[in-house]
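Listed next as structure tokens is one chain, alone, in the form predicted on its own.
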């Protein structure tokens, strides 16, 4: 069942939007009701209002709801104005062409990782990460390298919100192990995903930092254990660092949303 926010009507309406989006497909009202914390009349009122405002779209033939065109426009505006993606695009393109592997660009979204851009390898591999998806911070390369360079109070808060669900035999499963990993990342300046989120998927990741050391985002080069190994990916550290520096310089005049102490649901 979805959680109920304390943010009044607007917060509740946003919860309904989140719920619709979480299905990943058009959804019937009865399916929403099964997972909703709201009584049927309340949920119906929210759904009708969101539909009339074009935040949801309704298919009368299938009797299903999906994210609406107005929401798509807002999402595009957010991508253009509130993420590194437009600034980083030419650098991500160049990096992808140079390494021939999958490249990810990500930012922290409270206690989670938000993938904001992705370039597939010439021979792409199916994996979880896609632009627009969120993932856990404790077992992804981009998540760990961003977290490692955050303010200690932010690190404490984010760690408190991690579920430490064990996805693979290599997943970091405790706060203490994560803190050790973050210390190692700070010492070296980059980090790895050692099949921690998905079996067979590995990456090397680099934080994107401002001149003052503020975390702007992260880059990763991702591959599979069938193609290469961690030592092979580590060879990309110099070009990753160079790319991160270029993005950082281009972002100096960008009004990046401040990262506040997160209060998100556990992931």
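Between two forms, the rigid core is the largest collection of C-alphas that superpose within 1.5 Å. Computed from a prediction, not measured in an experiment: that's the story for all the values here. Residue numbers count along the first chain shown, from 1.
Unshown form predicted together with the DNA; subsequent notes refer to it.
Proximity to the DNA in the predicted complex, taken as a non-hydrogen atom within 4.5 angstroms, holds for one residue of 28, 227, 70, 35, which is 28. With the partner removed from view, the residue among 210, 241, 63, 54 that has a non-hydrogen atom within 4.5 Å of the DNA in the predicted complex turns out to be 63. Using a 4.5 angstroms heavy atom cutoff to the DNA in the predicted complex, all of 12, 40 and 45 count as contacting. Per the 4.5 Å heavy atom criterion, the DNA in the predicted complex is contacted by stretch 45 to 53, the sole one of 202 to 210, 45 to 53, 230 to 238, 217 to 225. Once both forms are fitted on their core, a CA shift of 2 Å or more is seen for residue 33 between the shown form and the other one. The rigid-core alignment places the CA of residue 61 2 Å or more apart between the shown form and the other one. The Cα shift for residue 42 between the shown form and the other one, taken after rigid core superposition, is 2 angstroms or larger.
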